[in-house]
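Take a look at this one chain, the form predicted on its own, written out in structure tokens.
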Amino acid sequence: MEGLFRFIHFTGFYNMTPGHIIMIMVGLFFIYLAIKKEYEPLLLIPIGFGILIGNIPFWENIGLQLGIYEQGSVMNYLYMGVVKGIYPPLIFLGIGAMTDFSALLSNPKLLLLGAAAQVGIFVTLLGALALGFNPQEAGAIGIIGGADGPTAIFLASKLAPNLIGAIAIAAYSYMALVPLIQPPIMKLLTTKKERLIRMKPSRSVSRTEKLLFPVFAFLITAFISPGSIPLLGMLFFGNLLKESGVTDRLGNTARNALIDIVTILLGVTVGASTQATTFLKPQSVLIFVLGALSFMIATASGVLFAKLMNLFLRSDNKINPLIGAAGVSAVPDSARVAQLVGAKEDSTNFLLMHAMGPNVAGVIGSAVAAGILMSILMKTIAF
């Protein structure tokens, strides 16, 4: 009987709490969105199943080394890639190896839209400070507005390791929900006439430009924001592997096998970090609210800045404001949303390649913003 009672005490049914049930339902909802609605399945399925893994109740603090927060457990070792900021640069390496910067190079002024969309980061930082978060936590929360999961995780690992789980889940959730969140904001802030604007065809970009861009872009951004070196260094290195023409094997590995492996590990461990006993706190709810606010402000900022730019551009060189929403760095989903919203007004107006300009600029902008926040907010820096 003693053995039977001991077995019962070890079961998940015995250790179940309402929090575990809530998180399991969230995990199942993520999996549903990924499979049924096809919202970012490559992210939501690993994260959703990771939530299930992290919320199977067990008898804690008896040395079984099962949970992700228990020293010596397998999941804890895998989670070190998140906590130590290892996975995000590897993700950026893969992104760089699959990214074509031609749209940005052919129309450099679109870089301004990527920069404008980062306004949400700094507005949300102020909001987080007003709600009682310390400066480091506020900075880590604000970066959610960039809609860049790896950057959010990287900055949180440096500034607010205690909030990594909530920040990562919020960032990836809003990345997946781009098709739902952005269109209403884009339509609200633009007129039908603006949505019908046809942009001039992009010019052809030479191979020399493509080769020089990752080298000089890295040097410029790294000198401006040294804190972004791990992310932008890997991003532009990956792009050089792609564009050089002599490292096809390395480029293919980076944009296929490597990024797939890291995405699996990152998604599952981030999901598992939502263990109900440590994750379900009022702070987590506030982070989700602030993250949504940040993302909406970033979207609106990109659209409004495009409208502002049009005031100074010739009538034959106007920018369709819809592509301003692609300034958030959810590549390529926010660019695809700009195309879909524009196509509803005119099915022959192709905005996708134009939208990729601010989209990839947003990736660079969010990484630069993260580096700036790190340099300002790191507690260890003294003058």
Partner chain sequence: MEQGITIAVLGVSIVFASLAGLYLCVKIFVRIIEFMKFGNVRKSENVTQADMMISGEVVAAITLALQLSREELHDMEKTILTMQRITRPYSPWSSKVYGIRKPAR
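Residue numbers count along the first chain shown, from 1. Only a predicted model underlies this, so the values are computations on that prediction, with no experimental measurement involved.
The following text describes the form predicted together with its partner chain, which does not appear among the structures shown.
Heavy atoms within 4.5 Å of its partner chain in the predicted complex are found in exactly one of 209-217, 289-297, 188-196, 162-170, that being 209-217. Using a 4.5 angstroms threshold between heavy atoms, Pro282 stays clear of its partner chain in the predicted complex.
Proximity of Ala130 to its partner chain in the predicted complex: non-hydrogen atoms within 4.5 Å are present. Contact between Ile372 and its partner chain in the predicted complex is found at the 4.5 Å heavy atom cutoff. Mapping the unseen interface onto this chain, Phe350 counts among the residues with a heavy atom inside 4.5 Å of its partner chain in the predicted complex. Contacts to its partner chain in the predicted complex (heavy atom within 4.5 Å) from stretch 229-250: Lys242, Glu243, Gly245, Asp248, Arg249.
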